[in-house]
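Here are two versions of the same chain, shown separately as structure tokens and labelled structure 1 and structure 2.
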Structure 1
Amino acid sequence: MKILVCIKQVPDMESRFKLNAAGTWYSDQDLAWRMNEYDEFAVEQAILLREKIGDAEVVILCVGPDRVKETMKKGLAMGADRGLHIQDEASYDKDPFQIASAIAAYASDQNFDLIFTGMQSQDRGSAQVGLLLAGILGIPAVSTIVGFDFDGKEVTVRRELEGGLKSVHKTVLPALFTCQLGLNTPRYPTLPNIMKAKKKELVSIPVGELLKVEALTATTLTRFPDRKGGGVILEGEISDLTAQLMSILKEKTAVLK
């Protein structure tokens, strides 16, 4: 069995963000980088499946500049067998369709039985790349899975719905699954596995060799949310607080109008 796991390198969400010169995305300067949190669950599920069935190869794939190789090494240290880096210094400027198309161009002749991706990325949050990839490859896809089981013939998954509901789906392979938080508990790479990861194959392919489509959408402007004023703390007796609150609601909101 061949398993592909698509991951993305994203900034640590505690970083101090600045806009780039064009004002279309965040600047990549002075940021700490990590694996997208949802993708960690995808990597872990691939490794768990390989441990269960034994005969399987897990390939990590990431699109981005050369710095993403450091994040890919974490996937290799978690247990993936080899890595495929689609080298693209301007990946931030690609829309989800272009990213999915580049990945599909590589995967189309690799005969992957299973593809795992994160549900969405923590920076762009489009939740589109995985499903677009499945559509381009012409294989079934199930999104936001929180449970996974493979019996040797078909896959049974639980997926998260709105309102806390869950549904159960069955599908044959090949198929793609996007992974939600809570699917499993991602492992921490051990020191021996970190050392082994340095010797594993990690091949880079220029994005120009794979990407043959134009963007369908473009980001024209990115901005920070407007700053909101601080909260008001009311102090005093209950009767006074009630009067103050009613006054604020009448003057500054439409609640009592």
Structure 2
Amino acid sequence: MKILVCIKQVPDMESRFKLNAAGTWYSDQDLAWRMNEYDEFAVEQAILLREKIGDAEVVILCVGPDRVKETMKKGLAMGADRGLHIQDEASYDKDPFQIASAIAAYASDQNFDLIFTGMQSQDRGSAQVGLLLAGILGIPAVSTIVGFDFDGKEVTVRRELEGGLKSVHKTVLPALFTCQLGLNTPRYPTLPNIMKAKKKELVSIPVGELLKVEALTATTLTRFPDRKGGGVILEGEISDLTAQLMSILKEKTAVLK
């Protein structure tokens, strides 16, 4: 069985963001980069499946500049067999349709039985790339899965709906699934596995060899939101802060009798 996992490198969301010179996206300077949280569940699910069925190869794929190779190494250290890097210095400027098209151009003749993606990326958050990829490849897709089981023939997935409700579905392979938080417990790479990952294959292909379509959307600008919330901000010594909050709670709420 051949399994593809699409991962994206994103900045830590606790970062202080600045805008790039063109004002169209965040500046990529001075940021700590990590694997998109949703994609960690996708990598883990692929590894769990390989551990269960034995005979499987897990390929991780990422579209982005050279720095994404660091994040791909984490995927390899979690247990993926090899990496395919679609090298694109300007991936931030590509829309989901272009990202999905580039991945599809690579995947179309690779006969993957299973593809996992995250349900959304933490920075762009379009929740489109996985479903578009399945659509271009012409394979069935189920989004937002929180449960996955393969019995050797069919896949059973639990799909998360609103308010705690889930639905259960079965599908044959090949198929694509987009992974939601809580699907499993992503492992931390161990030191020996981090060492082993350094020797694993990680091939780069320039995006120009794969991407042949134009963007369907364009970012006019990126900006900081207007602050609507006129809340009070308290900063300083802990003892002062508790005293200040206590008096605010006394004045503004009925909970401190």
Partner chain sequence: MKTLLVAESRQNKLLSGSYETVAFARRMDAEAVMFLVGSESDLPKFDGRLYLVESSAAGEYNPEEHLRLLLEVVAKESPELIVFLHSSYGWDLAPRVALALQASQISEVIDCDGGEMVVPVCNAKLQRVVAARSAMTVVTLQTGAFSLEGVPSGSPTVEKLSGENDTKIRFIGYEEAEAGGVDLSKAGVIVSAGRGIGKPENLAMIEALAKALGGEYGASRPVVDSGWAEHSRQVGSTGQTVAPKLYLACGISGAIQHLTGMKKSEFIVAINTDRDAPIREVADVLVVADLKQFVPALTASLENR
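Every value quoted in this text rests on a predicted model; they were computed, and no experiment measured them. Along the sequence of structure 1, residues get numbers from 1 upward. Take the two forms, find the largest set of C-alpha atoms that superpose within 1.5 Å, and that set is the rigid core.
Legend: structure 1 corresponds to the form predicted on its own, while structure 2 does not. In the core-superposed comparison between the two structures, the C-alpha atom of Ser247 has shifted by at least 2 angstroms.
With the core superposed, Asp12 shows a C-alpha displacement below 2 Å between the two structures. At Ile238, the distance the Cα travels between the two structures is 27.1 Å after the core is superposed.
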